[in-house]
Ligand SMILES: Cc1cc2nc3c(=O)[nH]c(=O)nc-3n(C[C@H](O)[C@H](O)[C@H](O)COP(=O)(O)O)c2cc1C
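A single chain, nothing else alongside it, follows as structure tokens in the form predicted alone.
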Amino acid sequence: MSSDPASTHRVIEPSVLYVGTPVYLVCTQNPDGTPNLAPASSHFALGRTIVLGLEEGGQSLENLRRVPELTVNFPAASQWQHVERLAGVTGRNPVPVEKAASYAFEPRKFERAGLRPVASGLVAPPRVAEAPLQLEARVVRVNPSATGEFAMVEAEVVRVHAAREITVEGTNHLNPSAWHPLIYTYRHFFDRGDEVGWTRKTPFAVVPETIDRWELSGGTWQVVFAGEDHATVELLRCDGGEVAERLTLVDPREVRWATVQLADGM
């Protein structure tokens, strides 16, 4: 395979850079006290802070500048139709001139989407009852973008609500195998793909049973090979480190576990 970037890549000018992020429904409070619900996907989170990219001139941003509280609701992949029902409507009345050709005013966003509002515990705007993951948040600051087309809303998450089926019982963890967020990329919706690996910090990586028993008996081990369909692990004696046995792992999750161990030891 050629290593020359000119032969493997081409220069393009995409109209948007949504390479693939989870969709969220942001709920804010209108001047008359009713909720406004709008779909978006530009965001990132660090710790208890979430940063949302919201369009200037939209009702959501106008509401947040007046009442700096919101909920951020993440729908499941199977709920994409509810999100799409909000695509051609706006909470602004009158509809801004630049949107008049393709948007209509809709004051009843929840009804339009076929979703139900449920009261929040710490902020005024309600949550989306059907969304598996719901965040209550308070705005810390709103930063304008360099172009003036959108703003970056920095908010502190004050409470998290997660559907039981996507959590690990007895912990505060989301179950990555059960959580299927709706992914938006280049105007298409996707479900999450198959698991291909994990980081060494995950709390859900299970040591293969044979290796676990070997450790409990006082022995040690080392991964000597990890490929796409199998891995090789040497079980070492506790008295001198000699190889007592070589294991071949073929279960996909065990192979991924071995891959992580090998990567960490490099």
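Counting begins at 1, following the sequence as shown. Note that the structure is a prediction, hence the values are computed from the model and not measured.
This next part talks about the form predicted in complex with this ligand, which is not shown.
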Heavy atom of each of Leu54, Tyr103 and Tyr184 within 4.5 Å of this ligand in the predicted bound form: yes
Given a 4.5 Å cut-off on heavy atoms, tell me which of 68-76, 173-181, 86-94, 117-125 is the interface stretch with this ligand in the predicted bound form. 86-94
Interface check vs this ligand in the predicted bound form: of Leu236, Ala38, Ile211, Ile50, the one with a heavy atom inside 4.5 Å is Ala38
Gly58: touches this ligand in the predicted bound form, heavy atom cutoff 4.5 angstroms: yes
Can you check whether Gln29 is within 4.5 Å of this ligand in the predicted bound form, heavy atom basis? no
Close approach of Phe190 to this ligand in the predicted bound form, 4.5 Å, heavy atom: no
Counting only non-hydrogen atoms and a 4.5 angstroms cut-off, does Val23 reach this ligand in the predicted bound form? yes
